[in-house]
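Form predicted alone, single chain, as C-alpha coordinates, below.
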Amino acid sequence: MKNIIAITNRKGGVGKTTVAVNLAAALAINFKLNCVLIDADPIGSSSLWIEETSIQRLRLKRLTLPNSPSNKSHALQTWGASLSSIALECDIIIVDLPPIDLGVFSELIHQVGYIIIPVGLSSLEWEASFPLIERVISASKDNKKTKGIIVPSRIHPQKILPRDKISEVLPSQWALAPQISLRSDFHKAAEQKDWIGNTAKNSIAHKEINKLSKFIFKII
(Lines give C-alpha, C1' and ligand atoms only; values in the text may rest on other atoms or scores of the structure.)
Protein backbone atom coordinates (compact mmCIF):
# COMPACT_ATOMS: atom_id res chain seq x y z
CA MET A 1 0.00 0.00 0.00
CA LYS A 2 2.85 2.40 0.73
CA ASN A 3 3.81 2.52 -2.94
CA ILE A 4 0.33 3.56 -4.11
CA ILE A 5 -0.23 7.28 -4.73
CA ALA A 6 -3.75 8.48 -5.57
CA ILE A 7 -4.24 11.81 -7.34
CA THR A 8 -7.69 13.31 -6.92
CA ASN A 9 -9.89 16.29 -6.15
CA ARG A 10 -13.61 16.88 -5.75
CA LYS A 11 -13.74 18.99 -8.91
CA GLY A 12 -12.35 18.68 -12.41
CA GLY A 13 -10.10 21.05 -14.31
CA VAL A 14 -7.46 21.31 -11.59
CA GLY A 15 -4.64 19.63 -13.53
CA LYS A 16 -5.12 16.17 -12.07
CA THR A 17 -4.32 14.20 -15.23
CA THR A 18 -1.47 16.54 -16.15
CA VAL A 19 0.16 15.81 -12.79
CA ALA A 20 -0.60 12.07 -12.94
CA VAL A 21 0.77 11.42 -16.42
CA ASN A 22 3.88 13.55 -16.16
CA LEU A 23 4.71 12.58 -12.57
CA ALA A 24 4.45 8.87 -13.41
CA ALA A 25 6.73 9.30 -16.42
CA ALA A 26 9.23 11.39 -14.46
CA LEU A 27 9.44 8.88 -11.61
CA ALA A 28 9.97 6.05 -14.08
CA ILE A 29 12.63 7.83 -16.11
CA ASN A 30 14.42 10.02 -13.56
CA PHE A 31 14.56 7.43 -10.76
CA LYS A 32 14.39 4.20 -12.80
CA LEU A 33 11.27 3.02 -10.96
CA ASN A 34 8.97 0.42 -12.47
CA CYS A 35 5.83 2.53 -12.44
CA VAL A 36 2.20 1.72 -13.26
CA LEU A 37 -0.17 4.54 -14.10
CA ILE A 38 -3.73 3.51 -13.25
CA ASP A 39 -6.43 5.30 -15.22
CA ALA A 40 -9.40 5.08 -12.83
CA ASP A 41 -11.44 7.82 -14.49
CA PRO A 42 -14.40 6.63 -16.63
CA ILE A 43 -13.49 9.37 -19.11
CA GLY A 44 -10.08 7.75 -19.56
CA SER A 45 -8.06 10.96 -19.75
CA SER A 46 -4.72 9.34 -18.89
CA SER A 47 -5.31 6.58 -21.42
CA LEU A 48 -6.13 9.07 -24.16
CA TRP A 49 -2.93 10.93 -23.28
CA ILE A 50 -0.30 8.18 -23.32
CA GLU A 51 -1.82 4.88 -24.45
CA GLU A 52 -0.03 5.16 -27.80
CA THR A 53 3.30 6.16 -26.26
CA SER A 54 6.11 3.90 -25.09
CA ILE A 55 7.85 5.26 -21.98
CA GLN A 56 10.55 3.10 -20.47
CA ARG A 57 9.56 1.44 -17.17
CA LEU A 58 6.05 2.94 -17.31
CA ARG A 59 2.92 0.84 -17.89
CA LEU A 60 -0.64 2.08 -18.28
CA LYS A 61 -3.61 0.12 -16.91
CA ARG A 62 -7.35 0.86 -16.93
CA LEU A 63 -9.04 0.14 -13.61
CA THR A 64 -12.15 2.27 -13.54
CA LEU A 65 -13.31 3.32 -10.09
CA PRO A 66 -16.73 1.76 -9.36
CA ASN A 67 -19.50 4.32 -9.18
CA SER A 68 -22.57 2.17 -8.60
CA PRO A 69 -24.69 3.36 -5.65
CA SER A 70 -25.61 -0.22 -4.77
CA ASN A 71 -23.12 -2.21 -2.69
CA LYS A 72 -20.54 0.55 -3.14
CA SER A 73 -18.42 -0.55 -0.17
CA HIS A 74 -17.91 -4.07 -1.55
CA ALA A 75 -17.20 -2.73 -5.05
CA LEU A 76 -14.55 -0.36 -3.69
CA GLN A 77 -12.95 -3.14 -1.62
CA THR A 78 -12.74 -5.31 -4.74
CA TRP A 79 -11.25 -2.39 -6.66
CA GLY A 80 -8.71 -1.86 -3.86
CA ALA A 81 -7.77 -5.54 -3.87
CA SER A 82 -7.04 -5.32 -7.60
CA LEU A 83 -4.90 -2.26 -6.93
CA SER A 84 -2.94 -4.06 -4.21
CA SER A 85 -2.34 -6.99 -6.55
CA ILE A 86 -0.90 -4.68 -9.21
CA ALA A 87 1.29 -3.03 -6.55
CA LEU A 88 3.11 -6.33 -6.01
CA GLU A 89 4.37 -6.20 -9.61
CA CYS A 90 5.98 -2.75 -9.57
CA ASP A 91 7.87 -0.16 -7.54
CA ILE A 92 5.17 2.48 -7.51
CA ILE A 93 1.59 3.08 -8.65
CA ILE A 94 0.15 6.45 -9.63
CA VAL A 95 -3.66 6.42 -9.70
CA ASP A 96 -5.48 9.08 -11.71
CA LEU A 97 -8.86 9.21 -9.97
CA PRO A 98 -11.97 11.00 -11.23
CA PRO A 99 -13.52 13.92 -9.30
CA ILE A 100 -14.56 12.17 -6.13
CA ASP A 101 -17.26 12.46 -3.46
CA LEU A 102 -16.48 12.27 0.24
CA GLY A 103 -18.11 8.88 0.76
CA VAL A 104 -15.99 7.18 -1.88
CA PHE A 105 -12.90 9.06 -0.74
CA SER A 106 -13.34 7.84 2.84
CA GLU A 107 -13.30 4.24 1.60
CA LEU A 108 -10.20 4.81 -0.54
CA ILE A 109 -8.04 6.50 2.09
CA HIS A 110 -7.15 3.16 3.66
CA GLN A 111 -6.24 1.56 0.32
CA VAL A 112 -3.46 3.94 -0.71
CA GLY A 113 -0.21 5.17 0.79
CA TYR A 114 -0.42 8.82 -0.19
CA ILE A 115 -3.00 11.28 -1.50
CA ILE A 116 -2.02 14.04 -3.93
CA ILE A 117 -4.47 16.89 -4.40
CA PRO A 118 -3.73 19.34 -7.22
CA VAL A 119 -5.32 22.68 -6.35
CA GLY A 120 -5.18 26.20 -7.77
CA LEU A 121 -5.46 29.49 -5.94
CA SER A 122 -9.21 30.02 -6.36
CA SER A 123 -11.39 29.89 -3.25
CA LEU A 124 -13.68 27.40 -5.01
CA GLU A 125 -10.85 24.89 -5.45
CA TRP A 126 -9.74 25.23 -1.83
CA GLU A 127 -13.31 24.86 -0.58
CA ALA A 128 -13.53 21.61 -2.56
CA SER A 129 -10.17 20.40 -1.24
CA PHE A 130 -10.45 21.03 2.51
CA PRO A 131 -13.05 18.29 3.19
CA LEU A 132 -10.63 15.80 1.59
CA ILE A 133 -7.79 17.13 3.72
CA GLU A 134 -9.91 16.75 6.85
CA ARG A 135 -10.87 13.17 5.95
CA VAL A 136 -7.21 12.21 5.58
CA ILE A 137 -6.44 13.74 8.99
CA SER A 138 -9.24 11.82 10.70
CA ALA A 139 -8.11 8.57 9.07
CA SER A 140 -4.39 9.02 9.86
CA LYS A 141 -3.09 6.98 12.77
CA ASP A 142 0.34 8.66 12.72
CA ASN A 143 -0.06 12.43 13.07
CA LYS A 144 3.58 13.08 12.20
CA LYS A 145 3.89 11.06 9.01
CA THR A 146 3.07 12.67 5.68
CA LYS A 147 -0.08 11.19 4.19
CA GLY A 148 -1.22 13.95 1.85
CA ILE A 149 0.50 16.25 -0.61
CA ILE A 150 -0.89 19.50 -2.01
CA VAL A 151 0.38 20.32 -5.51
CA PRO A 152 -0.29 23.96 -6.45
CA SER A 153 -1.51 23.44 -9.99
CA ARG A 154 -2.29 25.58 -13.02
CA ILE A 155 -0.69 28.61 -11.33
CA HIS A 156 -0.12 31.65 -13.53
CA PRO A 157 3.63 31.74 -14.32
CA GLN A 158 3.95 35.32 -13.02
CA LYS A 159 2.01 34.65 -9.84
CA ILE A 160 4.10 34.59 -6.66
CA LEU A 161 2.75 31.72 -4.60
CA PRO A 162 2.38 32.54 -0.85
CA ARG A 163 3.99 29.25 0.17
CA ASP A 164 4.61 30.26 3.80
CA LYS A 165 0.98 31.23 4.33
CA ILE A 166 -0.27 28.02 2.71
CA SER A 167 2.11 25.87 4.77
CA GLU A 168 0.90 27.54 7.96
CA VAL A 169 -2.67 26.36 7.45
CA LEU A 170 -1.79 22.83 6.34
CA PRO A 171 -1.92 20.13 9.03
CA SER A 172 1.25 18.25 9.93
CA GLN A 173 0.21 15.20 7.87
CA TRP A 174 0.25 17.32 4.70
CA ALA A 175 3.16 18.59 2.62
CA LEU A 176 3.20 21.46 0.12
CA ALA A 177 4.87 20.40 -3.13
CA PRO A 178 6.52 22.58 -5.81
CA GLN A 179 4.04 24.20 -8.15
CA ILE A 180 2.99 23.23 -11.65
CA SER A 181 2.34 26.38 -13.68
CA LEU A 182 -0.25 27.02 -16.34
CA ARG A 183 1.98 26.54 -19.40
CA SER A 184 1.22 25.84 -23.04
CA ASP A 185 3.87 23.07 -23.10
CA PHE A 186 1.60 20.85 -20.98
CA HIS A 187 -1.25 21.35 -23.43
CA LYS A 188 1.07 20.55 -26.34
CA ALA A 189 2.25 17.39 -24.58
CA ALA A 190 -1.36 16.21 -24.29
CA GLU A 191 -1.97 16.99 -27.97
CA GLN A 192 1.15 15.05 -28.96
CA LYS A 193 0.17 12.20 -26.60
CA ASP A 194 3.49 12.06 -24.80
CA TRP A 195 4.97 13.30 -21.55
CA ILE A 196 6.59 16.70 -21.18
CA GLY A 197 10.11 15.23 -21.07
CA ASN A 198 9.75 14.04 -24.66
CA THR A 199 7.71 16.90 -26.10
CA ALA A 200 9.39 19.87 -24.40
CA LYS A 201 12.63 18.64 -22.88
CA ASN A 202 14.45 21.17 -20.68
CA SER A 203 11.53 23.60 -20.88
CA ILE A 204 10.34 25.35 -17.73
CA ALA A 205 7.39 22.96 -17.65
CA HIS A 206 9.73 19.97 -17.81
CA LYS A 207 11.87 21.42 -15.02
CA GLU A 208 8.76 21.89 -12.87
CA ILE A 209 7.78 18.24 -13.31
CA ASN A 210 11.32 17.10 -12.52
CA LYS A 211 11.31 19.22 -9.36
CA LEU A 212 7.95 17.78 -8.35
CA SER A 213 9.09 14.19 -9.00
CA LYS A 214 12.19 14.74 -6.86
CA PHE A 215 10.02 16.10 -4.05
CA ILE A 216 7.62 13.12 -4.23
CA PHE A 217 10.50 10.62 -4.44
CA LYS A 218 12.00 11.96 -1.21
CA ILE A 219 8.69 11.57 0.60
CA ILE A 220 8.00 8.02 -0.53
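What you see is a predicted model, and the numbers here were worked out from it, not measured in a lab. So that there is no doubt, residue numbering starts at 1 and follows the sequence shown.
The following text describes the form predicted in complex with a small molecule, which does not appear among the structures shown.
- So which of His187, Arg163, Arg62, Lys159 reaches within 4.5 angstroms of the small molecule in the predicted bound form, heavy atom to heavy atom? It is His187.
- Is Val14 one of the residues lying within 4.5 Å of the small molecule in the predicted bound form, judged by heavy atom distances? Although the small molecule is absent here, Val14 would touch it in the predicted bound form, with heavy atoms inside 4.5 Å.
- Can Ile180 be called a contact residue for the small molecule in the predicted bound form at 4.5 Å between heavy atoms? Close contact exists here: in the predicted bound form, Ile180 approaches the small molecule to within 4.5 Å, heavy atoms only.
- Taking the shortest heavy atom distance, is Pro99 within 4.5 Å of the small molecule in the predicted bound form? It does: once the small molecule is placed as it appears in the predicted bound form, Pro99 has a heavy atom within 4.5 Å of it.
- Query: Is every one of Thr18, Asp41 and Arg154 in contact with the small molecule in the predicted bound form, taking contact as a heavy atom within 4.5 Å?
  - Reply: Answer is yes for this spot.
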